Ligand code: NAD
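Take a look at this single chain in structure tokens; it is the form predicted on its own.
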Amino acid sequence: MTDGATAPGAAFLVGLIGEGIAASLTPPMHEAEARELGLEYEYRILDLIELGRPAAEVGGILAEARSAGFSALNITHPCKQLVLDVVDDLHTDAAHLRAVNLVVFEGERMVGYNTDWMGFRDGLIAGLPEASFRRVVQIGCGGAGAATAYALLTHGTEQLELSDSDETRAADLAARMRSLFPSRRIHILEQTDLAGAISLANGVVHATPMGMLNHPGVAFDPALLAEDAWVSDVVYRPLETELLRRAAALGHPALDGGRMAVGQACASLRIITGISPDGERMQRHFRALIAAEERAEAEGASRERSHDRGA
């Protein structure tokens, strides 16, 4: 239901398709907010690994889900591009981004949406209300980078400078964004030019896995930032990456990846139900879930250390 009107007593069965997604926080996020909205709403995980099915069968899985009464399915790695050839209709933004992260069953038709870019845009608005987005450097041009670049340009960025270790990936994203935003200045940065560009930018978006628990490190030295520049990271496990911690210590506004993660879920919930969720309430719940995860991990590590000392 996408027309903003949900029928009384409507029930929603929603799921997530992807690989290795058993620990996803999307189900509890959706279900908790749906309860607050007074909706009957169930969210299931459809992990390809647990199902024993390859990503190439996503079309069949979608068809089976529709027959089983699902209202919609979120889509994540490695199926976001594969779904493009499966859906009957593509929302304009999904077509522009060549990626689908939400499929809604509308009668006999499957409609593909992309809410990743919406999540990032809404995070910028809510998390950096006083910031300038005129000139931005973005590091990382993969799937997340496509969504953040599109969001920045939609939000008014006039000059976007792209950097990626894969030059072909950077060139492809630049070409796509130039075709969509012909009046904006979109450049590809050589690695030797990155430091100078960062020093002149209003803000820097980091859109690579670096900073995740299994990918430690920082993509650039925050000391390079202009005095009033901001930093945004797409990583949300952990919420405070080393990059954001160091940038904040230097006095720079820092936007964590939780904003994008919750924003895309919020947009998906709105499209599925036709009701606008409370974004800030969803943020609070998400951060409580992350905090609980971190406490459990710390307790597990402490028990392991105690066991090692006693061995």
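Just so we're clear, the structure is a prediction, and the values are computed from it rather than from any experiment. From 1 onward, residues are counted along the sequence shown.
Although not depicted, the form predicted together with nicotinamide-adenine-dinucleotide (NAD) is the subject of the following passage.
Three-residue candidate spot Asp93, Tyr150 and Leu189; no residue lies within 4.5 angstroms of nicotinamide-adenine-dinucleotide (NAD) in the predicted bound form by any non-hydrogen atom. Stretch-level contact check against nicotinamide-adenine-dinucleotide (NAD) in the predicted bound form with heavy atoms at 4.5 Å: of 129-137, 171-179, 158-166, 67-75, the positive one is 158-166. Within 4.5 Å of any heavy atom of nicotinamide-adenine-dinucleotide (NAD) in the predicted bound form lies no heavy atom of Ala195. Contact check for Val234: a heavy atom falls within 4.5 Å of nicotinamide-adenine-dinucleotide (NAD) in the predicted bound form.
In the predicted bound form, nicotinamide-adenine-dinucleotide (NAD) stays beyond 4.5 Å of every heavy atom belonging to Asn202. In the predicted bound form, nicotinamide-adenine-dinucleotide (NAD) lies within 4.5 Å of some heavy atom of Gly143. Ala261 is the sole member of Leu269, Leu243, Ala261, Leu62 with a non-hydrogen atom within 4.5 Å of nicotinamide-adenine-dinucleotide (NAD) in the predicted bound form. For the options Met212, Ile125, Leu84, Ala226, the one in contact with nicotinamide-adenine-dinucleotide (NAD) in the predicted bound form, meaning a heavy atom within 4.5 Å, is Met212. Taking a 4.5 Å heavy atom cutoff to nicotinamide-adenine-dinucleotide (NAD) in the predicted bound form, none of the residues in 30-57 make contact.
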